[in-house]
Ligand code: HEM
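One chain comes next, on its own, written as structure tokens: the form predicted on its own.
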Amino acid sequence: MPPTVPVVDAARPEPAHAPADAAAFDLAALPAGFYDDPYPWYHALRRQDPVHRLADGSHLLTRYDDLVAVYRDFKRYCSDKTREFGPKFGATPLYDQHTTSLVFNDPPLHTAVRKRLGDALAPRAVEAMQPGLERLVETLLDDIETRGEFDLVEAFAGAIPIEVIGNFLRVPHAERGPLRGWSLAILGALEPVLSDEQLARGNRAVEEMYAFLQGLIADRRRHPSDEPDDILSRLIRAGAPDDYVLDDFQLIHQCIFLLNAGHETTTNLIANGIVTLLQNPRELERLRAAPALIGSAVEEMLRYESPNQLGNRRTTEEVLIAGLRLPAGSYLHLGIGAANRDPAAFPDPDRFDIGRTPNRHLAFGSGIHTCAGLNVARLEGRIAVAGIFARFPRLRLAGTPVRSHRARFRGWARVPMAVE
């Protein structure tokens, strides 16, 4: 039976139950209880071994300052995953996707894709999305009210980003049904350890998504749009004659990435945030008393339960991190969840504080790979979390939430809830 989620205030010092010796910690053989609460291990690693060597020879970084330094130096710490994913995936659709997508590439492809996304995801364009997003949230809440009991992930947190990204790519509403399942299967293949069944499911999802997008792109080539929020038309269209032109292979895989990245992390942000507020009733009452705190509350949700817990880089030359010299070609795991609980950067880091300031968390990364959709995710988080608590003052858990059991993406598989 999954562990219960107690409704208690989480103002606590560094965990007393943190392991005394983190030397044996390995992402490929995670200890019992890690998925429920990884932070004791992260605390121990940060104190004892902040550049921790794993069994496969890669290293896990857990200190905030070390992650910031890596993020800011994309030349010495590259995002290219061809050498890493070749042995993991072989010549498969998953390899094609995860070595072509924006997040796992550096310039010039990375620059070209970011440039085309720029105006569509700029603050002014995102602000214009607010009325439509508010209507969507109200529609979902209307449906929840008629049911009384519901799954937070399926009925609410997961439904919002699918609609938002679907709108960006102009995916017909009637054809959005498979998107969430495809996304979970493809991103699930980024976990440190995979079964044959997970690999098969991920490859099948890429193939199905690829075929689906081929038709969508062919239609958009015939009927392009000049609307600034039509991301697919922007990706297809080149500007100046010397612009980097995306071929169909690259174009399709960027669309797969956008659908996946825009969905999974925002789903986790919303669900994590709502559950965390229920676990911290004092902070929830504080938010009810001062709704203007919703902006800083969302930032604290992103820090406290980072939707994306791990990133990766490969060194292109010899580097020195925390006194340890690593050769060129070393693989690094960036402990985003660990860095966001680093007491050197965040006083009392295990306390959930919706008014925390400053709050320079790394949930969206940093440097050239700062999440392109961060303004959209923040808007979705603010409207969704504020909306559900405003509509349902007596929102409550109606059963035991179930973790998704992922090391990279921290979220919930199911959260049974009820409204009165």
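Residue numbers run from 1 along the displayed sequence. Note that the structure is a prediction, hence the values are computed from the model and not measured.
A second form of this protein, the form predicted together with this ligand, is not displayed here; the remarks below concern that form.
Visitor: Within 4.5 Å of this ligand in the predicted complex, counting heavy atoms only, one of 161-169, 202-210, 272-280, 138-146 shows up; tell me which.
Guide: Only one stretch qualifies here: 161-169.
Visitor: Can you work out whether residue 345 and this ligand are in contact in the predicted complex, taking contact to mean some heavy atom pair no more than 4.5 Å apart?
Guide: Result no; residue 345 lies far from this ligand in the predicted complex.
Visitor: Closest heavy atom of residue 67 to this ligand in the predicted complex, within 4.5 Å or not?
Guide: Residue-level check for residue 67: no, no contact with this ligand.
Visitor: Using heavy atoms and a 4.5 Å limit, would one call residue 371 a contact residue for this ligand in the predicted complex?
Guide: Flag for residue 371 set to yes.
Visitor: According to a 4.5 angstroms non-hydrogen atom cut-off, is residue 349 in contact with this ligand in the predicted complex?
Guide: Contact check for residue 349: no, nothing within 4.5 Å of this ligand in the predicted complex.
Visitor: Counting only non-hydrogen atoms and a 4.5 Å threshold, tell me whether 114, 262 and 307 all contact this ligand in the predicted complex.
Guide: Checking in the predicted complex: 114, 262 and 307 are all within 4.5 Å of this ligand.
Visitor: Only one of 74, 85, 331, 257 comes within 4.5 Å of this ligand in the predicted complex by heavy atoms, so just point that one out.
Guide: Of the candidates 74, 85, 331, 257, 257 is the one lying within 4.5 Å of this ligand in the predicted complex.
Visitor: Just give me the single entry in 185, 302, 94, 153 that has a non-hydrogen atom within 4.5 angstroms of this ligand in the predicted complex.
Guide: By the 4.5 Å heavy-atom cutoff, the listed residue in contact is 302.
Visitor: If you look in the predicted complex, which residues in 95-116 sit within 4.5 Å of this ligand (heavy atoms)?
Guide: The stretch touches the partner through 102, 103, 110, 114.
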